[in-house]
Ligand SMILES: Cc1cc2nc3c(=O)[nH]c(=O)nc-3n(C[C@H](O)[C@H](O)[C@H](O)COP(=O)(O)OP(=O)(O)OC[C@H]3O[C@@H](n4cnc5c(N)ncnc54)[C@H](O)[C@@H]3O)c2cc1C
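Presented below, as structure tokens, is a lone chain in the form predicted on its own.
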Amino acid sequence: MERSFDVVVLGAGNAAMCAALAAREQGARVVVLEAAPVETQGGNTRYAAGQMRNGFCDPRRLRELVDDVDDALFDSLDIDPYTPEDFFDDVARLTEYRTDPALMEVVTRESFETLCWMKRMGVRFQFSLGRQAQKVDGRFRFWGNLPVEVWGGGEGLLQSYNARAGELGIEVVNGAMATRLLVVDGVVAGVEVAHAGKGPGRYRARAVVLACGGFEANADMRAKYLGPGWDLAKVRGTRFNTGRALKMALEVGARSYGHLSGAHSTCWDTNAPEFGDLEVGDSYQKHSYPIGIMVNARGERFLDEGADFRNYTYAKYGARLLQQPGMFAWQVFDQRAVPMLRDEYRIRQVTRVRGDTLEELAAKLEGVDAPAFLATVAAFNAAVPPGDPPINLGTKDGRCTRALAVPKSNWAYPIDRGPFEAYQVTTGNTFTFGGVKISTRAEVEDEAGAPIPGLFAAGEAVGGLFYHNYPGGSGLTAGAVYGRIAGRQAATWAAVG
């Protein structure tokens, strides 16, 4: 089977659909090839919570994105200005100043306008009152510079994209696993695919957009690039992100780029399945650790739970779990914190123990040295500041422990109010940081730095944006920004290239 289009887009998640919609806006005939069946299509986007970081300068401009908010509610929101420069600075700081400045400057500069374009494509936004704000004295105080999310999360985002794609006549072919890029006289001219149950096929095109994810679902590639033990990590999202974009691009001379030994990884329920579960979605994550402590099998704390807002630590702490004995830890909370735990702690599929006393809890922490745990808690409690003000996650409060080898820099309260609860977590791998090198026009570059004619990329297939860590909500935004750019540039190339 052979078919012809102007633009072929590989993948059907956020970056891919932005590319397809943007190319179609330019008049290109577009087909989207998705490896997954229709019921699970959409890559990691389908599992995402939907928060999108953007540089909005004046908080009042957010009303251009969010329709369903009246004046009274908006006036009760405390949102700090957050400029594109602030966004860039956060990424630079968290990536240890390794982010590609030219590529990231485009993301931060174009972030707000891209979300406005997404809204024109039918995407709905709302204020993230549940995840990113704490109500204090009748006002919602936002923290972590992440006030806006997609209505309906990743599922809602895909529904909006797919509805718009249908209106514009964009065809989506499911069960189409790309296997090889077609190259004619040095120019990418389409892609070969293996159709589930139907055999091989070819899709000829003037331009191809790689937007089919990283390699986090490929255990061999995780072990090869990320290192020992990573083959054992849980995969938070789709099973179809197996590194096809990187492998196909390298075969035609593309340059690999970015933090190939790095990945976005979080605290994930230890008994979660090997791959993401759409019934549970992102609720296997466990991100309330700033108001508790985490201990390993030796009963010891091993990281600063209050180093920063959750948005700025959660994407790297999963890797710290991988380094612990048995690749697990327990998050421990007392009754100051339990009422404030995020909704993901209240799902049915959770690994939790309770104890009226710390001694009772210690006996239930599977795999943990109980006497060492009790000693750790005693030392921690003795090191917290005096006083007992209400916990306020809307600000870094500076309540720091004293004279501990592993400090807790904010929100340090004693663990002393029973009953106590603990949740067992392991490493959840979200996406890999390494990928292909692109230009600011989303062109895939070769080893010499020249664009490979007809080849573009966006989303998690791109390297160079994130290293070591990242600010929450940046992944969807970067995917949308470069997805839109890739689609427009691919359509332009298809018309005149």
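For every residue, the number given is its place in the sequence shown, counted from 1. Model, not experiment: these values are computed from the prediction.
Not on display, but discussed next: the form predicted together with the named molecule.
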Do G292 and the named molecule share at least one heavy atom pair within 4.5 Å in the predicted bound form?
no
Counting only non-hydrogen atoms and a 4.5 angstroms cut-off, does Q51 reach the named molecule in the predicted bound form?
yes
Taking the named molecule as it sits in the predicted bound form, is E443 in contact with it (heavy atom to heavy atom, 4.5 Å or less)?
no
Answer with yes or no whether R236 is in contact with the named molecule in the predicted bound form, where contact means some heavy atom within 4.5 Å.
yes
Pick the stretch from 412-420, 373-381, 171-179, 71-79 whose residues have a heavy atom within 4.5 Å of the named molecule in the predicted bound form.
171-179
Which residues from 202-234 come close to the named molecule in the predicted bound form, meaning a heavy atom within 4.5 Å?
A211, C212, G213
